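Just one chain is shown here, as structure tokens, and it is the form predicted alone.
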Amino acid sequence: MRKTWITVIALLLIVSTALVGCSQRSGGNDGGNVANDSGSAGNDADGNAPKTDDSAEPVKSDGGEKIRLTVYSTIGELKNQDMMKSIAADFTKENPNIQVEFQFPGAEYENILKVKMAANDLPDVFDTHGWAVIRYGKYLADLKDEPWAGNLTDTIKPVVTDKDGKLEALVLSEAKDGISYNADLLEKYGIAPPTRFAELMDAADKLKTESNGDVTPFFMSGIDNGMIGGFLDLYATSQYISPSTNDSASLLDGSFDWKKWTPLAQKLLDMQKKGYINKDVLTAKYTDMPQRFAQGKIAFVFGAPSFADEVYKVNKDIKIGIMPLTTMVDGDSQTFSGGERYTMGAWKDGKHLEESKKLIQFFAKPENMSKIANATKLPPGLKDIPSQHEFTTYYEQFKDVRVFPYFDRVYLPNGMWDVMCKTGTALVAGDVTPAQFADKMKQEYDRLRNQ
């Protein structure tokens, strides 16, 4: 009996050791997002990239040691992740001594990067997602002498260049957020794309009335409350940074009168009360929107048409249009909100900085920038990059429209985006009034500024 128990214990130890070994391997490079992997290998069932060791140490290969570059990106669509890895695979064919490993952390991107900044242990190359100068500037190498630097577009160059002329990142795609719309619906009801906010509300009323309620003018989600916060953020620029009002100085120095927020909040509440926003706004999800849009039940969506591919899965013949934001203030002209969408910056303290710059230079090639533009359906950050997709003509039509940085990124302290989204949702839920919303913005603005 004693020998039997010893045998059992020994077997358990062997099995335990084997399981530990499997557990350790599961997070390693066996399933990582290496550039020459095919498809989306390494992503879990939810499309999330595995955690890997991104220390950028050389890795062994049949040909000897390779330099490993880690690249972090905010790109979420699997097909676009694969597109980025395919470009990196072409790079490794020309540079067989360099291995490129992509990570796409999704919703955890910002939190992961904040931890890495605190430890001064960042990826070799990473996406600055709108914060190249303000948040990441001191961690990034200066790229102003790179051969592509002089070709940055006139609208994006100031966004990624600091006051001393340091260039923080290559902008792969520019963000130009305005209003996406169902062009078929507007044509059916004889509505020209509005240019003024009052015209937009008139169009909403016509759609709701003449469709007998079958068409909801605007879609928002209280579950994915960034749609509500996004409306407020987009229109705050027109409301407060217009030359007619121009509260930019007071927003920056902390003296802004937050009672001025009340009219903007009231406009959102009015849209809901008049039935211009989907009735299930508090329970609807962002993922509910593409199907309704494809079925002609939604006319307008605030922001870029990043949902287009999901719409085409339901209705491949639908025509989606984009336009600048309508003006909120009389005498003003239309605007886009935006700046950096997808970028590549190089960690200045990385062990392989020259190789990182070489990789970024490869992505800046016109043929690669065209590939990125056609895949993301966004305007490229470099001049004279040919692209051909369904939104190309719109971007060309509106190429001279002013592009302002996202309101919260310039004028609100870190943490206010969440306040704006949650309190905006409370507003449409009837839990706060527009005046109480303004009070909440002031309270949190003061608190976060003083942290």
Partner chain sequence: MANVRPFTTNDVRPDPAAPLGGPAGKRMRGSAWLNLLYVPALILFGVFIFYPFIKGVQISFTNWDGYNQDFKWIGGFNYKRMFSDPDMGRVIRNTVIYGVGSAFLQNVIGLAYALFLNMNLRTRGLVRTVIYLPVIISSLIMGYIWYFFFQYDGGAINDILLLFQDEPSNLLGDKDFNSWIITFVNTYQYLGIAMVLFLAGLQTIPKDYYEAATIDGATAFDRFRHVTWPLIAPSLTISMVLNLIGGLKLFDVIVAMTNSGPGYASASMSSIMYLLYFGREDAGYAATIGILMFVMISIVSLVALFLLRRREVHA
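Since this is a predicted model, take the numbers as computed values, not measurements. For the two forms, the rigid core is made up of the largest set of C-alpha atoms that agree within 1.5 Å on superposition. Residue numbers count along the first chain shown, from 1.
The next section is about a form of this same protein that is not shown, the form predicted together with its partner chain.
> Give a yes or no on whether each residue among 111, 282 and 297 has a heavy atom within 4.5 Å of its partner chain in the predicted bound form.
Per the other structure, all of 111, 282 and 297 touch its partner chain.
> Of the residues 353, 117, 89, 329, which one places a heavy atom within 4.5 Å of its partner chain in the predicted bound form?
It is 117.
> Taking its partner chain in the predicted bound form as the reference, which of 183, 198, 149, 223 has a non-hydrogen atom within 4.5 Å?
Among 183, 198, 149, 223, a heavy atom within 4.5 Å of its partner chain in the predicted bound form occurs only for 223.
> Applying a 4.5 Å heavy atom distance criterion, does residue 205 contact its partner chain in the predicted bound form?
Taking the distances in the predicted bound form, the answer for residue 205 is no, it never comes within 4.5 Å of its partner chain.
> Looking at the partner-bound form in the predicted bound form, is residue 292 within 4.5 Å of its partner chain by any heavy atom?
Looking in the predicted bound form, residue contacts with its partner chain include residue 292, since a heavy atom lies within 4.5 Å.
> Any of the heavy atoms of residue 387 lying within 4.5 Å of its partner chain in the predicted bound form?
Close contact is absent here: in the predicted bound form, residue 387 is far from its partner chain, nothing within 4.5 Å, heavy atoms only.
> Please check if residue 319 has a heavy atom lying within 4.5 Å of any heavy atom of its partner chain in the predicted bound form.
Outside the cut-off, so no.
> Looking at 358 to 366, 138 to 146, 373 to 381, 248 to 256, which stretch has residues with any non-hydrogen atom within 4.5 Å of its partner chain in the predicted bound form?
Contact criterion met by 138 to 146 only.
> Pick out the residues of 402 to 432 whose heavy atoms come within 4.5 Å of its partner chain in the predicted bound form.
Result: 414, 415, 418, 419, 422, 425, 426, 429, 431.
> Superposing on the rigid core, I want to see if residue 118 changes position between this form and the one not shown - specifically a Cα shift of 2 Å or more.
For residue 118, whose C-alpha is compared between this form and the one not shown after core superposition, the shift is 2 Å or more.
> Aligned on the rigid core, do the two forms place the Cα of residue 138 2 Å or more apart, comparing between this form and the one not shown?
Yes; that C-alpha moves by at least 2 Å between this form and the one not shown.
> So with the core overlaid, does the Cα of residue 349 end up 2 Å or more away between this form and the one not shown?
Shift of 2 Å or more: yes.
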